[in-house]
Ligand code: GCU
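For reference, the chain that follows is the form predicted on its own, supplied as structure tokens.
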């Protein structure tokens, strides 16, 4: 496990420094040249011309294709119920937030996860909420030591305290811990959890995924997408929170899961997918970014076994974004994050625009990657730098959420 952690850390260093031998050949083709149009003919179907055709014909066909060809069946994890509530003391927050941890049991009790709730100490509800999936568990989501936190089976690459400063230097100081005090001051609550409690993110995931089942078998991303929905169930049932103002947030692989969750569950008020890359927002037909064979070599358990390096695919990621319509979607990007293909993600938004327009949404109005309009329902943000989470990213996340979740 230690060797695996060091190898992953070395990869992060290489990506950050830009010294990888492989580098994408930049392809500046636009959405039209790449054939990215969610309303165009699909399989044996004709083009879509109105909202009814999208909802009744195209959207179901696309959801079926994404499950069969890429992600596997979105699993039914059963009802979520709370079996324990534990108050958490976090001295470093200096009274800026109240924290509690919920034990959430799914279905008949075979699977469970711990949901960390962080709320403003004096705000009047019902509050808007940001639901987050994180890499390193609830302890890493908090600034400094905390009492009473349940243990979580976090991956080895989360590292020790000695490695944390280096990880923050490479991936940004918010890679594990969001700016809680700032978020609380703006009147939001946070609900965060580690999805690996249910389906691990590692080589041992296959056995768990086979137990969860589904036909075709759920990949890890499909399970993590389903967990966003179960977290929504828990948060929406709490009178402190507003069910109509619950957004989901994910970075990198969890950004892929967030887009997938939004495509199958329209209860979310907004979706933030930050640097989600290949099989997230980056179109497969793009000449940039991490290739299919590269991602399958390391993360085949994220997908259905039907997905191989050469299996034909009838769908692409602009259609996944379109399936979120009319839910507002924010794509965050780093200009130097070659593997996530920031240019391709912008074209995928353009390819999804037709579905948003059919459903009465303004969709994407911005004309360039450098001028986001946070009030749009499709928003593209790009900052300098590579893969990670920075204060600039969080300023953009909050501008988007303020535009869509706060009273106007």
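Residue numbers count along the first chain shown, from 1. Just so we're clear, the structure is a prediction, and the values are computed from it rather than from any experiment.
The same protein also exists as the form predicted in complex with ligand GCU; that form is not shown, yet it is the one meant from here on.
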query	finding
Segment that reaches ligand GCU in the model of the complex - one of 291-299, 182-190, 117-125, 229-237, heavy atoms within 4.5 Å	291-299
Of 111, 253, 245, 139, the one that lies within 4.5 Å of ligand GCU in the model of the complex (heavy atoms)	253
Any non-hydrogen atom of residue 241 within 4.5 angstroms of ligand GCU in the model of the complex	no
4.5 Å heavy atom contact, residue 54 to ligand GCU in the model of the complex	no
Proximity of residue 268 to ligand GCU in the model of the complex, heavy atoms at 4.5 Å	no
Contact flag, residue 42 vs ligand GCU in the model of the complex, heavy atom cut 4.5 Å	no
All of 134, 173 and 394 within 4.5 Å of ligand GCU in the model of the complex, heavy atom check	no
Residues within 4.5 Å of ligand GCU in the model of the complex, restricted to 367-388 and counted by heavy atom	387
